[in-house]
Every structure is written in C-alpha cells, then in structure tokens.
Ligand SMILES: Nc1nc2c(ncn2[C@@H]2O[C@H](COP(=O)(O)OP(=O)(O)OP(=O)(O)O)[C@@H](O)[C@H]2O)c(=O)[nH]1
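The form predicted on its own is given below as one chain in structure tokens.
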Amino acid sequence: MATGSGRYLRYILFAVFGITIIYFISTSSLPSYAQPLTSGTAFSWERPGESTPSSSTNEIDDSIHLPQTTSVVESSQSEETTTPNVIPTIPSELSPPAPGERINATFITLARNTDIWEIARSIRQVEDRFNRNYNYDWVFLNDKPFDETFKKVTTSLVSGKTHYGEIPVDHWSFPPWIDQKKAEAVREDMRRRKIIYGDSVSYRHMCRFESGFFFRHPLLQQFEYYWRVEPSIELFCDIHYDPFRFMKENKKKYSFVLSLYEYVETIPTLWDSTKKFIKAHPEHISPDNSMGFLSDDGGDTYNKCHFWSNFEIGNLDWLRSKPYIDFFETLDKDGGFFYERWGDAPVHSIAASLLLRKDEIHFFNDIAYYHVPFTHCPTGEDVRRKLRCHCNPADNFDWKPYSCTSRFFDLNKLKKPEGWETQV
C-alpha cells in the first residue's frame, strides 16, 4: 500500500513539474506591449507629432474647400477608447500622382443636400477609378445653400478642391414670358398620361438650367473643360489616362458614352424651334455638321437621337460661345422647357451636332458607365481585361436597337469595336 502511494506521489510531482515548464515556455513567447491597445496605439498610417486643425476642412473661402488631411479627435492619455486616433492620408499617399500638367478642368455636379449619400457613391467611383491620380477640382451646385454635412462628406472624398455654389433665382424659376396657367395645364395632362417627370416643376427647372445656365455660373468661369457627374453612377473600369487632356489635345468639344432615342411625348415641337434657329442663324451651322445623326431626311424631321447627357465631358468655352447661346435663347423664348418637357440631353445633342464639326464630338468606348437603367460596358474583351472592368458585356447598351451609337459610328465612318455583332 505504501509502495502504491509513493508511486502516485511521484506521478503527481512529475505532472506539476511538466505544467510549470509549459507555463514558462508559453509566457516567454508572448509579445510585450508598451501600452494597451485601448490607450491610443499609433498605427502605421499615422504621423506622430503632426498638429491637428480645429475644424474638419481647410476653408479658402465660403465656396471652396481643400481635402481633409488631419483628424479633429483629441483624447486624454488617461481616457480609454476603443477607437484609435486615426489621421487620414492625403491624396498623394493613396497612390502616386500621374505625371504631366493638369488641364484647366473640373467635375461638375448638380445636387441637393438630400443627395449626399448617392453623390458620395459617385465620387468614390470617380476617385477610385481615375481622380485619385489626377486630383481635379469638383464644383457642386444647388438651388439652396449646401449644409455642413454635404460639405464635410464631399470634401473628405474629393482629392482636389471642392467648390460650393448656389444657383441664382432667375436661373431656377419661370421666366416672365411663360404663361403659368398654360404650363400648369401641360403638367396635369402629362401626369394623367403618366409621362416620366411630366408633372414635375423642379425637373423642368433642372433641364433648363443644364441647357442654358450651368456653364455661366461664377464658379465655372475659371475652367475650360467640365465632366458632369450624377448621383448613384458607377464606373466599371480603370481610366489610365486623362480624358480632359485627350479632349484638349485632340480639339474635342463634346463627348458621350451612351446615346438613345428621346421620348417623343416630351419634345413634340423641339425640332420646329430648331429649324427656326437654323433659318435665323445659318452662319452658326457647321459645314461639316452631324445632321445625319439627328435626321433621316436631311433635316426635315427629327429622328429623336440624342447623347445621354448625364455623362458628358465638354468644352465650357463652346457652351459660352455666341452660337450656343443664340441656340439656347431661341429655344428658351419658345417656352418648350415648360409648355412641353424638353430635356437638356436633346438640347445639348442637337447643338453639338449642328454647331460642331463631326470630328469635335467623341465617343469614349473605354470609359465604362452606368446610370439607371442603361450600361455602357466597353466592347472588346481585351479592353475590359486591361482596364480591370467588372461590368457584364451582355448588359452593354451600345449596339441594341434603341441605341443611336451605331448611327454615330456609321455617320463618322468609324470602325466598330471587335465583337459588337454579338451584342446586338
């Protein structure tokens, strides 16, 4: 019995010794921290010693903001927090800037304060696919003052400067020659017929503003080129060059990625006003125009083709020119923005097709774009692969029957991209 008890005692001593050895080995392999994570550990992207400003943006004036580069959060060493004091990186630290001078250009967005999260998505698309390497400015326009949330969020996302402007009342209201009762009756009739945006007053103000006034805003006067960006768009592919530079160096004045036929119910007399302009101002019509894109009978009737203007890159000096202003004022006096529902897309398209030479209008096959409900996905597998595109080529609208892009190619005697036949 004593022998058995001694044997059990030895087993117990061996077990205790083994556990002690394992404990010392395991504790000696654990890392040692100078301070706990909750007391403000410095992460790799922080810059110790850099001072922080007293506000989230660097204001140049009431309408211009620089991108946010530092954190406004300060905490006591003795306070515990589960959130580290993160200092955002500046644009050049996200990826190296592209070489070369920048063109005098800006992005332009018409938005309301309630659009903030939809436009934030669009900004990230543009910045991630292109502007993080180019740092172009962004102009935001609104018929009401922008609130601080809109300014803070957009300034933090844009790698260039942000500019915020309010639209003058006379650019966002009924001009004095419009018969208000007649315009109201038109909206009611379109409401009954369920025409899209047919009963909307604000939509009509928007179309008129985009047709004739956005390029006259004081914030746009300093720029030569613009790129229009709408809320909730998507860019499917990387953009490895500067489209602004391409436009300037190749003397392009207007560009598009999608084209289609306009709703005939919204523009019944738009072509009548256009023909009146052509007759009154033959000096403005380009000898090498694109009438064949607009009309199948030499200009007698309008086939309703237009470039979809929610994406466009264009020359502001052209829009500010006398030919374009004369064209817009002819249409504006006829009242079709309110007595019908003329959109800025057919207005821009007719103007570009008549006032510009064919070679001044460009189709960007390699800028992949989505705005509900249409998709432009670059035609050509090699192009999509090289540009890291994530769009489904089956969704591409370019060569579908309701698209006018094929007409543009035929008119300009351009070779269609390889594989277009499979997407018809």
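Note that residue numbering follows the sequence shown and begins at 1. These numbers come from a predicted model, not from an experiment.
We do not show the form predicted together with the named molecule, though everything after this point is about it.
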Answer among 97-105, 123-131, 203-211, 284-292 for heavy atoms within 4.5 Å of the named molecule in the predicted bound form: the stretch 203-211
Residue (of 328, 172, 339, 277) lying close to the named molecule in the predicted bound form, criterion heavy atoms within 4.5 Å: 172
Heavy atom within 4.5 Å of the named molecule in the predicted bound form - residue from 143, 334, 242, 234: 143
So in the predicted bound form, does residue 394 come within 4.5 Å of the named molecule, heavy atom to heavy atom? no
Within a 4.5 Å heavy atom cut-off, is residue 182 in contact with the named molecule in the predicted bound form? no
Contact test in the predicted bound form: residue 115 vs the named molecule, heavy atoms, 4.5 Å: yes
Can you check whether residue 111 is within 4.5 Å of the named molecule in the predicted bound form, heavy atom basis? yes
